[in-house]
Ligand code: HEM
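Quick heads-up: it's one chain on its own, the form predicted on its own, in structure tokens.
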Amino acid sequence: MIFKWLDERLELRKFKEKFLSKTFPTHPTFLLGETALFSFVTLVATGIFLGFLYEPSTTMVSLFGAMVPAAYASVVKIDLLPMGMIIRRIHHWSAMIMIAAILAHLLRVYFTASYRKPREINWLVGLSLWGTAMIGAFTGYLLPYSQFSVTATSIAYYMAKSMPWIGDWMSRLLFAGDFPSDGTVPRFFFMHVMLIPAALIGLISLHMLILIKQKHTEPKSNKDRKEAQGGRRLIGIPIWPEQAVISLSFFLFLLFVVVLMAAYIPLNPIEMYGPPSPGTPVMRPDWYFLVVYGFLKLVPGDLVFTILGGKITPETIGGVIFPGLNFLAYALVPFIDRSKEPQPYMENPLHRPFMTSLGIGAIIFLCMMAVAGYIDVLHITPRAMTVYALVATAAAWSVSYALLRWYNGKRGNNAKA
């Protein structure tokens, strides 16, 4: 009765026939996108809980007899609540998993050439999602307002300030004046709970709309099966109810994993670091910014010059130009590796020697930049680390390219025989 009543008013049956009957491919790598989506849902749910208890202010208040910023005091109180600390950890690890899942999804798309025509736009949307998710995690980094988080955020402040021509304006816009100021925490809180989530929801919606329009790519092994079934666009299972049940089960499993991580893996102990003070603790950013941090360590400290009145500093090179060129290179991938015909199938990475080896080389280079973030611990000089990074990158690219060329040559000879 209820369904009939709703169907007469909302035409639910037509909605089911048009959308819920669509086919979802069963390839396991497509769960990477669902991992990112479900992590975002968990972030929103836990963020609402934390938002009710967090105070985005640097006003000094009393906490156990000491005067500390209200933001810091509110986080300490959250940790003391029943389930407060575990929910804050779930929020943190969900953000880490979301960023990692988007990255893994992008790598899957790259190595299978699923960015080719007509999916170039969705590749750019995916890159934007990845960048926005990292910015969202970064804006949340400051909110505990501990000595650790303030020191970590100050690195980004000086990077923004180092932008030629617009650095002062940009840093004041993002950080509400000189950092740290009374307006910085409210500004970051607004970006973290309103601006960034709105952007993520918009990008996720756009990504899904394009995906529904263009359909998923498929393994090439599906080609013969499609022809036998009359040329259906996709081979898989209906979204409702089969895929819905699988997705719900996967979401519950993912939530179990996150809760397990939250129970056993602690966050930065803000009680140990304390509120902001003149001292500077030894710190390193989370893994998703470690590449930029490592590259900054390799840029010579005296490398300063001027272009058209704009001052270029090591912070500009490592914190602005380097990540900017990286994202530009990723964005240009579909337009460099062009294909004239639409590609409904995933390519085998082993059959694409140049692009696959290029991707392997890029991964090794970024991993070496992450290692560079620890050169003080490893007792390696910046010059030596630069040489190691270049040699490892060149070796990874050349060896993988040679092996893939040999493999494809052998495969071609076997096919002729």
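Small disclaimer: the values here were computed from a predicted structure and weren't measured. Residues carry their position along the shown sequence, with the first being 1.
Note that the form predicted together with the ligand isn't included here; everything after this is about it.
- Partner contacts here mean any heavy atom within 4.5 Å of the ligand in the model of the complex, and among 129-137, 76-84, 161-169, 246-254 they occur only in 129-137.
- By the criterion of a heavy atom within 4.5 Å, K215 is counted among the residues contacting the ligand in the model of the complex.
- Residue contact with the ligand in the model of the complex: H192 places no heavy atom within 4.5 Å of it.
- Put simply, V109 is close to the ligand in the model of the complex: some heavy atom of it is within 4.5 Å.
- Among heavy atoms of I102, some come within 4.5 Å of the ligand in the model of the complex.
- Judged against the ligand in the model of the complex with a 4.5 angstroms heavy atom cut-off, the residues K297, A372 and T386 are out of contact without exception.
- Here is the short version: of T313, S149, S94, N122, the single residue with a heavy atom within 4.5 Å of the ligand in the model of the complex is N122.
- Residues G33, E34, A36, L37 of 31-62 are found to place at least one heavy atom within 4.5 Å of the ligand in the model of the complex.
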